[in-house]
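We begin with a single chain expressed as structure tokens, specifically the form predicted on its own.
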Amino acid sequence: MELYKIRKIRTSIVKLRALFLVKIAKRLRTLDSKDAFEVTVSHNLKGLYHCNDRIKLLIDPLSCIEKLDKNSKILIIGPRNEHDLYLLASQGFPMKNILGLDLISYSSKIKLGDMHQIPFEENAFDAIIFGWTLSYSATPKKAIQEIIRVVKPGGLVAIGVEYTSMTKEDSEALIGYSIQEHELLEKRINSTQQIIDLFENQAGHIYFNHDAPMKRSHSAKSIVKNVSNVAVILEVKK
């Protein structure tokens, strides 16, 4: 588990396993969701072998909260590949207690499923990590209600989204299409307060609040390497 902290080792394991399980074992499966935007699966398949460390913005502070220990059961929603799971394991959480959920899966560590209909019973997890996935939902309130259902009373939820000032036209100019179907959303989630508001009266103590302080956004002309992110870790009251 200590070796997973070394990025070259961690990413090599993830990429080799992905290549074997997808290309040779032919285990890649996908699932459609009526509550996700149309391009969600196709867009994320393009980055299937990419290992992004931005989840550390959630994992690092989460791992310091005393409510969690090596026996805690943790669900990661939308990991795309196994990288987030290995990164969490590097913080001392046994892999046997970590599970992923995604519309894309090639691994037994990632259950194929929809965050709007999470295939687990109530109060199943001590913590849920929901990193950079909420922005793919056309019904974010529904996704949050499912998270509340499957997390234990007093459990922790860590959510991250990318900060952006881009319009639909900006996205189309930059990558050729817009990931979000803006006409389906009342308003894009772009702040920690908007995330907290989705929990309504079930949002308990806020352990971590990172409200994109630099407000750096991609533009229609270029990708910003150090784009700002919104992240919050809160306790769920049930």
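For clarity, every value in this text was computed on a predicted model and none was experimentally measured. Numbering starts at 1 and runs along the sequence shown.
Beyond what is shown, the protein has a form predicted in complex with a small molecule; the following relates to that form.
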| item | value |
| --- | --- |
| Which of 67-75, 90-98, 112-120, 147-155 lines the interface with the small molecule in the predicted complex (heavy atom within 4.5 Å) | 112-120 |
| 86, 136, 106, 125 - the one with a heavy atom within 4.5 Å of the small molecule in the predicted complex | 136 |
| The small molecule contact in the predicted complex: residue 82, any heavy atom under 4.5 Å | no |
| Touches the small molecule in the predicted complex: residue 55 (any heavy atom, 4.5 Å) | yes |
| Contact of residue 190 with the small molecule in the predicted complex (heavy atom, 4.5 Å) | no |
| Any non-hydrogen atom of residue 140 within 4.5 angstroms of the small molecule in the predicted complex | no |
